[in-house]
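There is one chain below, alone, in structure tokens, taken in the form predicted alone.
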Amino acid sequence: MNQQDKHLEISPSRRKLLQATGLAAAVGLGGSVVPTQSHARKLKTNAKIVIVGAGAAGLDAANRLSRGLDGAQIIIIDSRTEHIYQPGLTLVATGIWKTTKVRDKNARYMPNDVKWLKKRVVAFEPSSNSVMTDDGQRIIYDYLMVTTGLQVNYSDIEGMSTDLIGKLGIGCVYDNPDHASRTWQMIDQYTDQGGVGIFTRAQGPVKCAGAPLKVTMLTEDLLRRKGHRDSASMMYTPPAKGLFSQPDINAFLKEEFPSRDIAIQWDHPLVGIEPELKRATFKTPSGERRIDYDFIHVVPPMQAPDPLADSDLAWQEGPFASGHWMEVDKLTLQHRRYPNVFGSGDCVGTPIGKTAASVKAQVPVATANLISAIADEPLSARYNGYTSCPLITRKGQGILVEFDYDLNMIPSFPFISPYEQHWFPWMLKDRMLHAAYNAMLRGRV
């Protein structure tokens, strides 16, 4: 073992602590209030339920609805057969994991009594209780669960395309293992050769807002491990004047980045890239600014997928309208205008979310309330905005950040300070969360 990695070994005392926590707790204990249903047994119904999206939220919802209903016709629509463990992409992009650790199959988690239609939904038509698939089928439903995930808009950055990831010093951790693996090639090269590294963050909500921060800090840590820190200059370019939505962690990062000689360029959303010149363009309050780089981590803007964005299910006004996120009540996750429609995961427009931990907290609420709607009972389950981010600050350390809609810290583990770097969040991320995530896909946590 490399001398500098000896502190990552699991000592007997650490192993005992990890075993004591339990995997179910590993994705957070807070987040939702799901009362016991008045119908303790399966609810008998002939309702037809359509789930759009077979990602983490969709599979979790399918399993929960399958166990909670007797006689329902449940259809899940998604053409994707591969399942990607997206929380692991930052570890792939920084050379810690191989892509094989994040690749899986949706079929492993699909309930036997749920019909899987391997098509793509191209239109939502809630006024007629139907969705349209890419082969022209109109699927009618009594109840709809929307779990589409989100869409990464690479083309919103002039000159950027997915073909550039892994070339000319360009990386992007988002979307799939291939992007993450190609990003690692660029980070490995950059940490060997040094130069100017730019780490961006898009405007608006993004999938796992901690990912750009983790990529930045793990890259800086790798430079130090290789003995090349003095040969590299690094800058982080947030689109506004904050680094993280939770105030305590925002304050920590505002000190941590400068202490590690990572310059913060406030109000610098990335709007263009010139790959051959290795030059990035930012839209700043004082006008456009062009900066040359040797490596750039691109975080494109994100929004709800086009079929959802173009439908009546999207927010029509307010702070979530610009991303065309799905309109839901933030507590019940029921659509505010179409009461037979519910949503979970990255696609919904809520003040907090877009992490696997949010999915873990949202889906039990959405499915419990959907079952209550079928039973003509009050919707009593509540989502309090719980989200979690094991904010990895360097290899072997991190901060376990857990908070709610009010931005209050709600730690699951009282023996771990949510304000200090510790080995436990690293072990959680590297050794424990994946198994807990797989249990979530089966609706078990």
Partner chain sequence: MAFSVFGILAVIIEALRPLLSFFLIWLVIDLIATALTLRQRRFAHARARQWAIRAGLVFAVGAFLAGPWLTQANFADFIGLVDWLLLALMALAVGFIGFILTLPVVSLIRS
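Small disclaimer: the values here were computed from a predicted structure and weren't measured. Residue numbers count along the first chain shown, from 1.
There is another form of the same protein, the form predicted in complex with its partner chain; it is not shown, and what comes next is about it.
*Asks:* Would you mind picking the one in Ser412, Ser380, Ser66, Thr45 that has a heavy atom within 4.5 Å of its partner chain in the predicted bound form?
*Replies:* Contact with its partner chain in the predicted bound form is made by Ser412 alone.
*Asks:* Only one of Lys118, Arg289, Arg108, Lys167 gets a heavy atom within 4.5 Å of its partner chain in the predicted bound form. Which one?
*Replies:* Of the listed residues, the single hit is Arg108.
*Asks:* Does Tyr85 make contact with its partner chain in the predicted bound form, using a 4.5 Å heavy atom cut-off?
*Replies:* No.
*Asks:* Would Gly396 sit within 4.5 Å of its partner chain in the predicted bound form, counting heavy atoms only?
*Replies:* Although its partner chain is absent here, Gly396 would touch it in the predicted bound form, with heavy atoms inside 4.5 Å.
*Asks:* Residue-level question: is Ile96 within 4.5 Å of its partner chain in the predicted bound form, judged on heavy atoms?
*Replies:* Ile96: yes, in contact with its partner chain in the predicted bound form.
*Asks:* Does Ala361 make contact with its partner chain in the predicted bound form, using a 4.5 Å heavy atom cut-off?
*Replies:* It does: once its partner chain is placed as it appears in the predicted bound form, Ala361 has a heavy atom within 4.5 Å of it.
*Asks:* Residue by residue through 416 to 445, tell me which have a non-hydrogen atom within 4.5 angstroms of its partner chain in the predicted bound form.
*Replies:* Going through 416 to 445 in order - heavy atoms within 4.5 Å of its partner chain in the predicted bound form - the hits are Ile416, Gln421, His422, Trp423, Phe424, Trp426, Met427, Asp430, Arg431, Met432, Ala435, Ala436, Asn438, Ala439, Arg442, Arg444, Val445.
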